[in-house]
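Consider the single chain below, provided in structure tokens and representing the form predicted alone.
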Amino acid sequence: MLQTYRAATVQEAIRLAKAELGPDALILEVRRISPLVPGQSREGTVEIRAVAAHHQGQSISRSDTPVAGSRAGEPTVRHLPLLAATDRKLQSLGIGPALAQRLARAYDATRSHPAEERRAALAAIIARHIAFCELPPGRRPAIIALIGPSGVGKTTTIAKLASQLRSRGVRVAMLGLDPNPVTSSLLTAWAAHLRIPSAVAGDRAELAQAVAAAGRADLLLIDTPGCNPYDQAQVKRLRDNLGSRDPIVCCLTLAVTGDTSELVDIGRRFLRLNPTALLLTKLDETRRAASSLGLAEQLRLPLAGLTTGPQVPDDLVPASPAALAELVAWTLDRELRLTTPPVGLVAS
């Protein structure tokens, strides 16, 4: 038998339904309704319709007749399955329950609004939960080392950053911390192509010499070798070569193409090197780009930049609430369209 419940929030209404119908009650519809008291705010005033689990096989009629307390022709907010699907999708991308819930509500409430309004609503929430920073830092000279596992695009990202900053009048030098001539040759090739001074060091002593030789540069970008995060000896070697007391800003670089929970684990293993910023790459190679938000939230590092393709220097953009809101909206638009069946009205 179809039952109706009203409450100030969706969560409260669901609790009422499950308290009476059981924990497996099926929520069929959620509607935003007019306040019972004239002039009262409509925010959070909802009505849901639910049925007990043992009645789910019965035919259920969904009337479009306005319920008591609502106006005829009033917009009907989507059924709960889509709101719940949005929340679940965001949490599956590594976003915490509290932030996922706020984003899901904002996304759901603005689905019928222009895209700019939806993204602005998402960006306002993101700005309150995620820290951002700029590269390079304000001080000069600055030394930035990109650290991270193999294959995340550190070398190409350094080339993008170096090219962008040089075009703004910053004197840049590129340094490679890699004794392997094969892997270090890519950095040398990019430096030659961009006409930027470069050097390659095999250990901490050689790195110190290269830094001293590039003393006139405003910014030194250090490309580090790919490091196996599960090999403690490799992580320690990299930390020792960079030097924990040297004025080097470590920027953790991760590609968003993997499983979010594993990426978080990998990122935490690099925290031994005291990174102060996060840079996320290969957003063009995933359909789960909103996981960038989950990574930034869980690793608790200020987000500095996002790479969106292989082109140097164009495919590197500063991280911002607006950029992450774009990723969240794009991911949800695509994922929910693919995975959620049409279960009811959006707005009449």
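Everything numeric in this text was worked out from a predicted model, so none of it was measured. In this text, residue numbers run from 1 along the sequence as written.
The same protein also has a form predicted together with a small molecule, omitted here; what follows describes it.
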Item checked: Single option in G267, P275, G94, P149 placed near the small molecule in the model of the complex, where near means a heavy atom within 4.5 Å -> P149
Next item on the list: Could you work out which of P313, P302, G309, P318 is the residue within 4.5 angstroms of the small molecule in the model of the complex, going by heavy atoms?
Entry: G309
Notebook entry, point to check: Does K154 reach the small molecule in the model of the complex if we count a contact as any heavy atom within 4.5 Å?
Noted result: yes
Margin query: Whether K160 contacts the small molecule in the model of the complex should be assessed with a 4.5 Å heavy atom distance threshold; does it?
Written below: yes
Margin query: Contact with the small molecule in the model of the complex for K282, defined as at least one heavy atom pair within 4.5 Å: yes or no?
Written below: yes
Note to self: Would you classify A109 as touching the small molecule in the model of the complex, given a 4.5 Å non-hydrogen atom cut-off?
What the structure shows: no
